[in-house]
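In structure tokens, one chain follows: the form predicted on its own.
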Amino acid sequence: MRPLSRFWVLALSPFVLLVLLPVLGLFITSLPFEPWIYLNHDVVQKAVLLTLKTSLIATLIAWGIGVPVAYILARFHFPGKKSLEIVIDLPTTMPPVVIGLGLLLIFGQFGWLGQFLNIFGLRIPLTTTAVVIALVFRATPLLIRASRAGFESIPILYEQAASSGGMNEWQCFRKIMIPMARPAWMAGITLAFTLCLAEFGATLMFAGNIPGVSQTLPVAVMSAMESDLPLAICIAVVSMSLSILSLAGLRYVEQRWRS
């Protein structure tokens, strides 16, 4: 790679400033409030643990759902493929609040699926399960998109060679394609997990705002803003720090696996 010239440094500067200004503004503004003294606050600890737990579970589910779908889109032609691609991309274009409302209308007490679940005494809205469902719905398309690019970059000759060597489709997918596409789906995991950490609208609409049950860090920030500004700023700093650390850590793992 060639060194970055002054022209491209100038072209890059507006974007860097646009991203860094809110981050720096939050950290600098929080200093007079001494946000570290709130780290032992019960609300902060519960929100951090819940956010990490639900984000991890949702990312793992999104990987299990998304990687096979990405492989299908990358390797097969079938009727309705274009329509399926539109459906997959919908969660990334719809407002999160609308997604949450749609999930609530499906799984709610009077929803067509919620009524069936009520027979067995199962309730989804306003629970931790609702948080995970909302996160999976939002994160899976990102993982599919990243993984699909990885599968498409692998020459089909590898699969043909594996098939001629006696492997069936499942063995070829599991032993050849998934390992070779690992850098791509690791990038997808990074995007999915960090999105889960920041998800707000769908979670609030579908899972509510119950401390220790459905109050994730972004929801806790909104809740604290109504009564305790220093606490809200502290939670916001914790949330942003967690996102930065998670992104840096996952990028490091991704680079190690890529090499």
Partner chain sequence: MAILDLACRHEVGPFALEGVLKIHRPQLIYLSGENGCGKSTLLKIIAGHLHPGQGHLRIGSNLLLDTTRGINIKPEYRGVAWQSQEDSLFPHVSLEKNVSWWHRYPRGMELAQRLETEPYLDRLPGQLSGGQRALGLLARTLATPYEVVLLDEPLASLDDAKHELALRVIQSEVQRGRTIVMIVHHPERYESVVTLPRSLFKIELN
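These numbers come from a predicted model, not from an experiment. Numbering follows the first chain given and starts at 1.
Heads up, the form predicted in complex with the partner chain isn't pictured, but that's what we're talking about next.
Exercise for review: Decide if the three candidate residues Pro3, Ser5 and Ser13 all line the partner chain in the predicted bound form, where lining means a heavy atom within 4.5 Å.
Suggested key: The answer is no: none of the three residues contacts the partner (heavy atom, 4.5 Å cut-off).
query = in the predicted bound form, which of 184-192, 150-158, 129-137, 113-121 comes within 4.5 Å of the partner chain (heavy atoms)?
reply = Among the listed stretches, the partner-contacting one is 150-158.
* Using a 4.5 Å cut on heavy atoms, which of Ala162, Ala74, Ala146, Ile88 is close to the partner chain in the predicted bound form? -> Exactly one listed residue reaches within 4.5 Å, namely Ala162.
### Task
Name the residue from Leu84, Met94, Met180, Leu101 that puts a heavy atom within 4.5 Å of the partner chain in the predicted bound form.
Only one option qualifies, and that one is Met180.
With a 4.5 Å heavy atom cut-off, would you call Gln109 a contact of the partner chain in the predicted bound form?
Judged by the heavy-atom cut-off of 4.5 Å, Gln109 is well away from the partner chain in the predicted bound form.
Quick one: does Met167 come within 4.5 Å of the partner chain in the predicted bound form, counting heavy atoms only? Contact check for Met167: yes, within 4.5 Å of the partner chain in the predicted bound form.
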